[in-house]
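Only one chain is given next, in structure tokens, and it is the form predicted on its own.
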């Protein structure tokens, strides 16, 4: 690890904290004695998403997160709960292999959101299942209420 101040390669770790998928280290340079932080994350192997039209693209965690955050906007859902849901979703997807269908991603996210917040679920489902009419919303809400 290079010191960002003097570029010396000899540092020592003063403190280490693990936070789910990240490790944060507080380091001190042995030459200039300045301190700095580093973050370490596990590099995840890539997998591909098979879109509805047959195209394939790399899985984009940030794209998934944006969609979920949009569905959860202005709802009483903590960011910690959303992050845990996204981590569970990604883990389930990775267990499916090197390629997963986009419909599977939508189904998993919808089922996770249904457990957390029904309104967020309806918002997500309306985009994912391409609701066109008010009746589409009514059917989904009726289905939710009667379960």
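Numbering follows the first chain given and starts at 1. Note that the coordinates shown come from a computational prediction; the quantities given were computed from them, not determined experimentally.
There is also a form predicted in complex with another copy of the chain; it is not shown, and the following applies to it.
- Of the residues 79, 111, 103, 33, just one reaches another copy of the chain in the predicted complex with a heavy atom at 4.5 Å or closer; this is 79.
- Not displayed here, another copy of the chain is kept clear of residue 138 by more than 4.5 Å at the level of heavy atoms in the predicted complex.
- Taking non-hydrogen atoms only, residue 12 never approaches another copy of the chain to within 4.5 angstroms in the predicted complex.
- Using a 4.5 Å cutoff between non-hydrogen atoms, residue 117 does not count as a contact of another copy of the chain in the predicted complex.
- Another copy of the chain in the predicted complex is not approached by residue 28, whose heavy atoms all lie more than 4.5 angstroms from it.
- The partner is not shown here, but in the predicted complex the stretch 34-49 reaches within 4.5 angstroms of another copy of the chain through a heavy atom at 36, 37, 38, 39, 40, 41, 42, 43.
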